[in-house]
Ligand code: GLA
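Here's a solo chain for you in structure tokens, the form predicted alone.
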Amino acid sequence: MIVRTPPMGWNTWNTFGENINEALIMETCDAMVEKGLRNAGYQYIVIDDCWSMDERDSEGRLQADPVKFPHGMKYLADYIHSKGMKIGMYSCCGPRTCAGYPGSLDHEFIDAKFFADNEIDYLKYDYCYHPRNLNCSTLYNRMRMALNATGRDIVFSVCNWGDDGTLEWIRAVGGDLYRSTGDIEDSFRSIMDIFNSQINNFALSGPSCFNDMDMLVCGMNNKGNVSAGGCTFEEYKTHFALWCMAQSPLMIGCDVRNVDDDILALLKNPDLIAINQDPGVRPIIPVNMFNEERYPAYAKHLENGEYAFSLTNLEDETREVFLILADMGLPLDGHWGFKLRDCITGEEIDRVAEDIIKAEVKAHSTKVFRGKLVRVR
């Protein structure tokens, strides 16, 4: 199976951590459907760490915690599938998971069979407690082989935080997406530090090997498991816009049962999601411009000859931000320009951009435009 565009879904960890159970998962699945997130493209409900018993059963198999999940994982999988969605689960390549539950080291094939028998569609595979005397790529290749041996299509989400030369081997071992950074926190600094750390690596991202900059914190509002001060709505807008431009997987981390209307509209924005899911899967182009550290701008080739542009304002006040089209290669001879649409508001821009794209951008916010190259004269 080739994963042609970045996976989209929801993950338990950012908000709930260890405080997960069957009712929460089912309620969240219902909310994803009722609030239109499934129809917007979000497919996966991913149960992160802390779902299992502290020990394996007498035959060495993983066991779901009977208090948290009294009906077992197949029951949840059936429920989620009945809602037109897919289910993901979590394990780790060490002897223990990050939270101390049984990991899959030397149990890869029996665990892969457990996931397949429970009709799991997606596996997040973490990196805690991994043995240093075993090569990282070997550990992940082993689990990919185990998943393949089940005969079930299971998306393989490698989560080794970009350590141990990930970019050198990740495509070879069959990772469909790979966590390229440490854990995100609910703060604007964390968002920008993570994004900036990957600017030079986006060209290595593509189908069945997507650069995963970690889950979304949009709408968490300093609540939950990764709280670190929270963000303004404009900062969440920048977060979502940049993840879409970079075609990072979109895994919602907030409590979607109680999500704010403005955040819900942002997460469902069809123009931004279309950029994230663009089948061309082209990396962004950093566009050099005046004071780029404070006003970074990016361009991106899309399918059907279209383009996307983002303008970010990292200042603490509203500023006019420019993207100089000559810096992305457009000749300024007056013959060509871009007909643009504002991807946040949906507004069609009357003026054809022939030399610059500019916009008033609020503090810590981002404007995104989609456009076609048109003959001006």
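One-based numbering along the sequence shown. For clarity, every value in this text was computed on a predicted model and none was experimentally measured.
This next part talks about the form predicted in complex with the named molecule, which is not shown.
Using a 4.5 angstroms heavy atom cutoff to the named molecule in the model of the complex, all of D49, K124 and M215 count as contacting.
Checked against the named molecule in the model of the complex, the candidates D153, D262, D183, E292 yield a single residue with a heavy atom inside 4.5 Å, and that residue is D183. The partner is absent here, but in the model of the complex a heavy atom of A99, alone among A99, A146, A274, L105, sits within 4.5 Å of the named molecule. None of 90-98, 164-172, 216-224, 243-251 except one has non-hydrogen atoms within 4.5 angstroms of the named molecule in the model of the complex; the exception is 90-98. Mapping the unseen interface onto this chain, F369 falls outside it, with no heavy atom inside 4.5 Å of the named molecule in the model of the complex.
Proximity of K300 to the named molecule in the model of the complex falls outside the 4.5 Å heavy atom cutoff. Remark: L139 does not count among the residues lining the named molecule in the model of the complex, judged by a heavy atom distance of 4.5 Å or less.
Within 4.5 Å of some heavy atom of the named molecule in the model of the complex lies at least one heavy atom of R179.
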